[in-house]
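Quick heads-up: it's one chain on its own, the form predicted on its own, in structure tokens.
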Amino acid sequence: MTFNVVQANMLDKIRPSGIRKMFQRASGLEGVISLGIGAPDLQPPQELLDTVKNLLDKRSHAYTLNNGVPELHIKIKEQYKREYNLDFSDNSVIIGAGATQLMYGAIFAYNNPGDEVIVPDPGFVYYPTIPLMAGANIHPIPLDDEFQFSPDLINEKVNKKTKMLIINTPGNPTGTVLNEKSIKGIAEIAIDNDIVILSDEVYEFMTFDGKKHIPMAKYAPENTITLNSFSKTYCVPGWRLGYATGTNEIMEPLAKIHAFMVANAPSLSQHAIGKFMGSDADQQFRDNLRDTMQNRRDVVVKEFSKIPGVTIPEISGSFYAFPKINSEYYQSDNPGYEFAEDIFENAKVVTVAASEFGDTRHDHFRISFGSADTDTITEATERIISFVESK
């Protein structure tokens, strides 16, 4: 008998992730160096792991409240007060099964079919995909030459149907930290037009050269849902734990849908992070993580700048670089894709073409140094140079 059930129509708009596709192609191949997947490779804080062990026999495996355990709520609110002097009230935090789940919930909670969502281009692959699943239309806005999200270009796209604007700082795939001018300009547009800002800030503690992360909630508190994740901060992506925060009013629709998407986020990791967060060991780990990634960033800039025909834009945060390919080396409509394919096939180095992140900047490709130490970065560069010079 032939299976003849028709898939949902919205799936026709969904393109499989090229990042995961490349990850699967490389999986199991001997000698491959992966600079593709966006995950940190540092061991999680030992104190946090010890806390998990201590909680195993203390009924930390039961259901929690839909929005998460109160202790973790308190720690998150204390952190925003300590780091940014921002105050959030009792119902302002939702703990979710990763920031991705909360992103999905927020987009569905605030968009009807036919509404419009503004997204950065280049930007993380989920930003245009989830709104399309919700039946919304997307307006990609090209980032400027410094990969800032230009308020002027955003303003040109805003209309009565615009319901949401998604931003990301520090940025994936560009490694850019949005400056105060951009943040203020975006905030003014959202306030003037009653637009929800979904602000993805999962790399907030990975900023380099003394640059400071500026939360969008500082300038548009009534309009902003901030997304964050413990995956990057504590190097536990498999724990699937993230959170969203904002005013009570803006969080209420997300809280409604969240309760029916996930009964509650994983309980053990909530309790463990609730006890660990804000400790001296927490601060020491975050400092070490930032310093490690800045050191890797320095090596990426030094080594990848040696590759003929490749230039490295400034990397201010996260653990991504977004190198550009000189047109004389790859004369095509999508040189980033051709380069990524060539070095995968010939140098066994995994990167991601910029075309996975939007319709602009096809002369770029993304590398992740989150899971590649300095020796691995150097070896990958030597392989690429050897291939390029042999062409």
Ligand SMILES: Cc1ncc(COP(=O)(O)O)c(C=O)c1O
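No experiment lies behind these values; they were computed from the predicted model shown. All residue numbers refer to positions in the sequence shown, first residue = 1.
What follows is about the form predicted in complex with the named molecule, which we do not show.
Interface residue remark: G38 is counted as part of the site for the named molecule in the predicted bound form, having a heavy atom within 4.5 Å.
Of the heavy atoms in K275, none are within 4.5 Å of the named molecule in the predicted bound form. At a distance threshold of 4.5 angstroms between non-hydrogen atoms, T224 is out of contact with the named molecule in the predicted bound form. Heavy atoms of S92 never reach within 4.5 Å of the named molecule in the predicted bound form, leaving it off the interface. Highlighted residues I141, G358 and H364: none comes within 4.5 Å of the named molecule in the predicted bound form, counting any heavy atom. Proximity to the named molecule in the predicted bound form, defined as a heavy atom within 4.5 Å, holds among T176, S229, S269, S182 only for S229. Checked against the named molecule in the predicted bound form, the residues T233, S316, T245, N168 give one hit for a heavy atom within 4.5 Å, which is N168. Of the candidate stretches 305 to 313, 245 to 253, 158 to 166, 198 to 206, only 198 to 206 contains residues with a heavy atom within 4.5 Å of the named molecule in the predicted bound form. Of the residues in 95 to 111, those that come within 4.5 Å of the named molecule in the predicted bound form through at least one heavy atom are, in sequence order, G98, A99, T100, M103.
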